[in-house]
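Just one chain is shown here, as structure tokens, and it is the form predicted alone.
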Amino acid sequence: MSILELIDVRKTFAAREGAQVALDGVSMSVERGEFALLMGPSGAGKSTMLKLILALERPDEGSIKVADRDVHRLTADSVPFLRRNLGAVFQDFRLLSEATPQENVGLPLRVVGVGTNEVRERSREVLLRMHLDPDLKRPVKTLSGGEQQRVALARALVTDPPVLLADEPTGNLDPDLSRDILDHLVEIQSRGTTVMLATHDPVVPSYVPVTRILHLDHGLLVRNEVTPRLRAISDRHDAAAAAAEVA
């Protein structure tokens, strides 16, 4: 069952030399529980696709559905739907540099009106999962790059979203820290979260349990390849659904 779907999505940007096509009629879907890789060189359209899914940009044509709802047809009152269903982590972290790790992680919960005590408890829990001190009072700007990325990952997970989007999350990290972040993403996917990781690193496919490889080139989806791991996930979901019907 698809949790993420793009249907004939097209996006262009104005440029001095004329309209620049970022995505050109892209259609694809990702099932629940997948670990999908979005690959391609810089400028291929990977970041644009993720921004469209997150409703940070609007498509010129086509539709984008998360959990069967078109994210670009949601009203302002439906913003909590996106907050609950989509987590995102970026190469440049996008943290509040003067805030503490717990303040950063709690922000998505405060935005949707979660109470102070629950914000504190859930922030502490997810920071501990990322092997970070939830009581640290230092601003995140004093942390290492790897620690900042783990704070950003904790912030993306604090709402317990079914889908996590990661845009080049290891791009600014050394190899050891990159493997640490990838290990966290693998662990997150093993808990049932659907992960879509955008990367141009050719080593990543051999390090994570990939179910699908999506390859963009000049805005075109030129490859949509599933792996045997996807069938195993689908079989588990079918068995779970059958058991639920019996119950």
Partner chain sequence: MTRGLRALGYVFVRGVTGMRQSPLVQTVAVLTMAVCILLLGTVSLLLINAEGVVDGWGVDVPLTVYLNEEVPEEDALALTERIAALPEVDHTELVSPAIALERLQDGLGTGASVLEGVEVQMLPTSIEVYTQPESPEEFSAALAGRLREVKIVEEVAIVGAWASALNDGLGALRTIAGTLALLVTFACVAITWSTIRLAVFARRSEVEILRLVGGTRRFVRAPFVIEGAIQGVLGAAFAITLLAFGFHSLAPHLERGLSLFLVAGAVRFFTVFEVMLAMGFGALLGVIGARIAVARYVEI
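The shown structure was predicted, so the numbers you read here are calculated from the model rather than taken from an experiment. In this text, rigid core is short for the largest set of C-alphas that superpose within 1.5 Å between two forms. Residue numbers count along the first chain shown, from 1.
One more form of this protein should be noted, the form predicted in complex with the partner chain, which is absent from this view; the next part is about it.
In the predicted bound form, the partner chain lies farther than 4.5 Å from every heavy atom of Arg124. Among heavy atoms of Gly146, none comes within 4.5 Å of the partner chain in the predicted bound form. In the predicted bound form, the partner chain sits within 4.5 Å of a heavy atom of Arg84.
In the predicted bound form, the partner chain sits beyond 4.5 Å of every heavy atom of Leu157.
A single residue from the set Leu177, Leu128, Leu107, Leu74 has any heavy atom within 4.5 angstroms of the partner chain in the predicted bound form; that residue is Leu107. Residues of 175-203 placing a heavy atom within 4.5 Å of the partner chain in the predicted bound form: none. When the rigid core is held fixed, the Cα atom of Val140 travels 2 angstroms or more between the shown form and the other one. For Glu103, the Cα coordinates differ by 2 angstroms or more between the shown form and the other one after the core has been superposed. Note: the CA-CA distance for Glu118 and Arg69 expands in the predicted bound form relative to this form, by 3 angstroms or more.
If you compare C-alpha positions, Arg69 and Val114 are 3 angstroms or more farther apart in the predicted bound form than in the form on display.
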